[in-house]
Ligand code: URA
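Read the single chain below, which is given as structure tokens and is the form predicted on its own.
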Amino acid sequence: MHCISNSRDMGSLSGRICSCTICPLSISRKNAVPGEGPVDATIMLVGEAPGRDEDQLGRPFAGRAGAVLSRSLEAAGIDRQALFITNVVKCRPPENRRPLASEIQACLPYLHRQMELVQPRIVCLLGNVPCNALLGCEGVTKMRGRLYQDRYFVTFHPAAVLRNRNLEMLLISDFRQIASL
């Protein structure tokens, strides 16, 4: 019964996200990207914001960074379909710029509600934007590979691997560590 209620609540929340007009990002988006995955997932991945492909499809991590994510999860023995995957900001910032503080603040209640509904054991923060939004700090390179507040695990954003292939093994290693938790 608990999962059915959460599924209904998540569907309602996703509908609110898709029709949101709180910040100016709603004007330029094609699709809001509420996130996807099982409502009873034990692991939640939180990225920065949708990119061009995600905006087109309305799905998180659907582009090149998504391919890196899927490959890295598979190498670590984690089934992507078992995870709840979302972003701090639910609409694409113009030209894939970093989300503004006001845009993050507008979307943060949606992310907090998703976390309440899913109640994941681990929330994996992919990059500086989610790290700053949920922990108030930056510095993924120094913070990665550790659990904070007994819940938050910090690692690189898969897009960072596209810029520096040397990070891929570290990302896979971090995902293996998450799997062992």
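Residue numbers run from 1 along the displayed sequence. Because the structure is predicted, anything quoted here is derived from the model rather than measured.
The form predicted together with this ligand exists for this protein as well; it is not shown, and the discussion that follows is about that form.
- With a 4.5 Å cutoff on heavy atoms, residue 51 counts as touching this ligand in the model of the complex.
- With a 4.5 Å cutoff on heavy atoms, residue 87 counts as touching this ligand in the model of the complex.
- Heavy atoms within 4.5 Å of this ligand in the model of the complex belong, among the stretches 110-118, 148-156, 131-139, 60-68, to residues of 60-68.
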